[in-house]
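Let us start with two forms of the same protein chain, each given on its own as structure tokens and named structure 1 and structure 2.
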Structure 1
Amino acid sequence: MSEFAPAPTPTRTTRRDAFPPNWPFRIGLLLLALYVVYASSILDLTWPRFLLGLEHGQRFLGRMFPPNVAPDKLKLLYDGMLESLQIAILASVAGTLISLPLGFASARNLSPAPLAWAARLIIVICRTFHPVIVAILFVKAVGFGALAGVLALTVASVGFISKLIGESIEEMSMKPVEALRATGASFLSVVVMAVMPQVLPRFIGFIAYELDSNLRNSALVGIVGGGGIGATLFTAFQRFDYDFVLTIVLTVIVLVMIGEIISGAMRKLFQ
């Protein structure tokens, strides 16, 4: 036998061997494409209708310019925006106060399983419906006005904040928690000394984002009777005051931008 055996010939790997075809993925894409075609055919999504909509939209936008800044209109705008801001702040505060204990209860690494699943069921119920649908229900229950808007946005805030709080707690490190439990610390001490320092910056970010979201949603719930600038916007549409509609829309955009700046500053402050 030779002292130096020849090196084995390397097997050639083809592209098909390195990247085998993913047939379930391809079949899924094909089925999705077929369903898109089917849904488009039964929903009357036609190109002539789209072009007609562009024509109507052009005339609508033409009637919106220039924005209406008459003193009486600005007074309506100020009152509506102030009420929307109050609705958003009240709903955010109430939603946060409810979401903190509910979020802790939903964390499976802190709560027993029955309590965690019960809390998650409440969160799912709060997240099931859009704030507009919830606002319609509260308008039927308590009547038109800001109370219905506050209640609707509070439910939406609970569904959003409590879910993210529970997920943040489940993702944190359990070593500080276990160390405090080994010393015999109470549950409240564990929360204050081991849980809060890890998740407080994210809590602040969630609350700031929800306040920003409630500022936008306050206009939506107002359209269905929940008070705020949405009611003023709906009235302007009914009266065909499209120039005043543009004024309201621009004001809402500015207010949301200001809220985004404030929420960003809050997140940086607590990082």
Structure 2
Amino acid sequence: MSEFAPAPTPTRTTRRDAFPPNWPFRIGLLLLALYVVYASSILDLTWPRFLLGLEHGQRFLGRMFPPNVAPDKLKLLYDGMLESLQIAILASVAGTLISLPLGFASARNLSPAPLAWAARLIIVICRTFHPVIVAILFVKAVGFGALAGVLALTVASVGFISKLIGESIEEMSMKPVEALRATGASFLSVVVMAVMPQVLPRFIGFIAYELDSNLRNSALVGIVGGGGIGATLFTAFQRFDYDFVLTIVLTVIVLVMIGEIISGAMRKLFQ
């Protein structure tokens, strides 16, 4: 600064600190650090324990490699994956079928207020419980197996998709709707001719995402008895077949990636 400014006595008003210290932010960081220390002590997270874990982890990783690709294991993997795929597809279909009317009902610009609030309440309830908890309840209600998984993921999809559908209907332009209403069109015609063209591309995106997340979650509901690859995975863990665990996890990752590519293509097709 001084090389360029020949004036030897800069007054206080002309010099301004470009980067003043942000004290509230620094105090916030300090508090955060204090919280981390406090919470770590509460949860009994200690360094020796972590180091001991790393030692275990080494042995654990050693047992995972190489991934187990024995034919009988691959058969199990194939069956589990197939069932997961079926669970994901059926849950997405059922979820979409329920979400469409529910989403419409929850949009405040199309449906009367009491109906909208009732629909919102249902959506909140569906969204609040984690798919695993819903799966536990369904396993008790309909027994172990794929059906419980399908039902649990359907509930999760409904909570997720109908909220998005409702929001995108609320965000659309009301002008075509008003124009159609002015011509005396019926409610169904308004939906088909004014609402759907505006929101369909986004719906397709939601459904693609739904399929994606259902595929991922179907590995989850199996842990509590909902069928699919999750059941295979949990059994492998319990039998300490860690090399087979790695095979399953890698397959799930690859499948989810393929799913993302497909859903991307789907979105492009309908844009």
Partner chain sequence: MSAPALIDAPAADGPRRWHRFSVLERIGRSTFYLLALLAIVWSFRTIEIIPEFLVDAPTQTADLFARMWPIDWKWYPKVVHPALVETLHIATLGTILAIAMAVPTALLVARNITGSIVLNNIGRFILVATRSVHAMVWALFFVAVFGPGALAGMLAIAVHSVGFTGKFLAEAIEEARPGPIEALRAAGAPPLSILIKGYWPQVKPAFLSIAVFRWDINVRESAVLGLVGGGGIGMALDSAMSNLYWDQVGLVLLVIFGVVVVTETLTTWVRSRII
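Everything numeric in this text was worked out from a predicted model, so none of it was measured. Numbers given to residues start at 1 and step along the sequence of structure 1. Here, rigid core means the biggest group of C-alpha atoms that superpose within 1.5 Å across both forms.
Undergrad: Only one of structures 1 and 2 is the form predicted together with the partner chain; identify it.
TA: Answer to the question: structure 2 is the form predicted together with the partner chain, whereas structure 1 comes from elsewhere.
Undergrad: Can we say the CA of residue 50 moves by at least 2 Å between structures 1 and 2 when the core is superposed?
TA: The answer is yes; the displacement is at least 2 Å.
Undergrad: Hey, does residue 66 budge by 2 Å or more at the Cα between structures 1 and 2 once the core is superposed?
TA: Not so; residue 66 is displaced by less than 2 Å.
Undergrad: Once everything's superposed on the core, is residue 40 shifted 2 Å or more at the Cα between structures 1 and 2?
TA: Shift at residue 40: 2 Å or more after core fit.
Undergrad: Please give the CA displacement of residue 28 between structures 1 and 2, in Å, after core superposition.
TA: Here residue 28 registers a C-alpha shift of 7.6 Å.
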